[in-house]
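Shown below, as structure tokens, is a lone chain in the form predicted alone; questions about how it binds or moves come after it.
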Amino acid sequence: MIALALVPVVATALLSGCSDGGITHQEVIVTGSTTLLPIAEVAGEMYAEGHEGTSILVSGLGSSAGIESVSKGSSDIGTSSRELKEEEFDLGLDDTPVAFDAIAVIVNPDNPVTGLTTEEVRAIFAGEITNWREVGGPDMEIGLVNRDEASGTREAFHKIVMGDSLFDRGAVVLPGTGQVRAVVAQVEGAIGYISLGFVNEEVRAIAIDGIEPSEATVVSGEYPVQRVLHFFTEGEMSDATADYIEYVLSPDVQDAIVRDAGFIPITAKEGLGG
């Protein structure tokens, strides 16, 4: 899913710091993860409604694009559904965690398989297991659906599940979460992975190592495929950027928008020392 949303608070004068009739117009440019798009967009719309003269421009081009954009100064915030790679440590980015998420392994609702081990998932996405009967399912070819290399979800899934194994190059590779869900919903033998927040009735999330993906199992640490969602910034932030991030971390957003989008508030693990 690639989307571009311009929060329509100010119809004119989108130049940062421009003044019009006593109102100073400011913009905050947010670029990056498609996973984080629902949070950034809805929070941006609500923030702009309460801050006349401020525009929040949100685009979902992938986590790598967000990190590159903020490091080069073309965005104020780079959103990412993965940690920084080693080669990105020297970019001097500041990290603000904004939510927790589970990466759900999804299958077609007609597939009777309800759970896999982490090792079975790794072997499937490496192309070592190619038929569902090898993991207790029907005699049916497995259809692999993967994300493209710009995806933070792919990077996180590879780090958590695949380890040193490579993805099967024969998989269908798609640019967005919505496309992965749509293909798995249409193809009985398909398997993919998406953020828990995007799972709906069209697909079914399976248990991994006997644990269902949910807020409770992420907070407890039981569900093995989980991650932190990030806002990255570079250098001193504008007042509008800092205020928008503070708003995203507020209870109004964390307890409503973050939960409504299917994610888990960043404060959810505080009681457990997480």
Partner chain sequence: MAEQEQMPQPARSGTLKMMSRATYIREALLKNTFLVCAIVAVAAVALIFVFTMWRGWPVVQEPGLADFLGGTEFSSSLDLYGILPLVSGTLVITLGALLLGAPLAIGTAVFLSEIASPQMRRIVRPAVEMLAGVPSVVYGFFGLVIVRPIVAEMTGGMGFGTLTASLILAVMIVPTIATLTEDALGSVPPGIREASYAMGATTWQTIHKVLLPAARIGIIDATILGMGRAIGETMAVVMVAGNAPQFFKGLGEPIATITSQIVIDMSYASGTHRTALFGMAIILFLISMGLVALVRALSRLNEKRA
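Numbering follows the first chain given and starts at 1. Since the model is a prediction, treat every value here as computed from it, not as a measurement.
Only in words, not in the display: the form predicted together with the partner chain, which the text now covers.
If we take heavy atoms and a 4.5 Å cut-off, which stretch out of 129-137, 173-181, 198-206, 112-120 is in contact with the partner chain in the predicted complex? Selected stretch: 173-181.
Are 143, 149 and 186 jointly within 4.5 Å of the partner chain in the predicted complex, each by at least one heavy atom?
Looking in the predicted complex, the three residues 143, 149 and 186 all sit within 4.5 Å of the partner chain (heavy atoms).
Next item on the list: Select from the listed residues 161, 190, 98, 103 the one whose heavy atoms reach within 4.5 Å of the partner chain in the predicted complex.
Entry: It is 190.
query = Is there a heavy atom of residue 72 lying 4.5 Å or less from a heavy atom of the partner chain in the predicted complex?
reply = No - in the predicted complex, heavy atoms of residue 72 and the partner chain never come within 4.5 Å of each other.
- 4.5 Å heavy atom contact, residue 85 to the partner chain in the predicted complex: The answer is no: residue 85 has no heavy atom within 4.5 Å of the partner chain.
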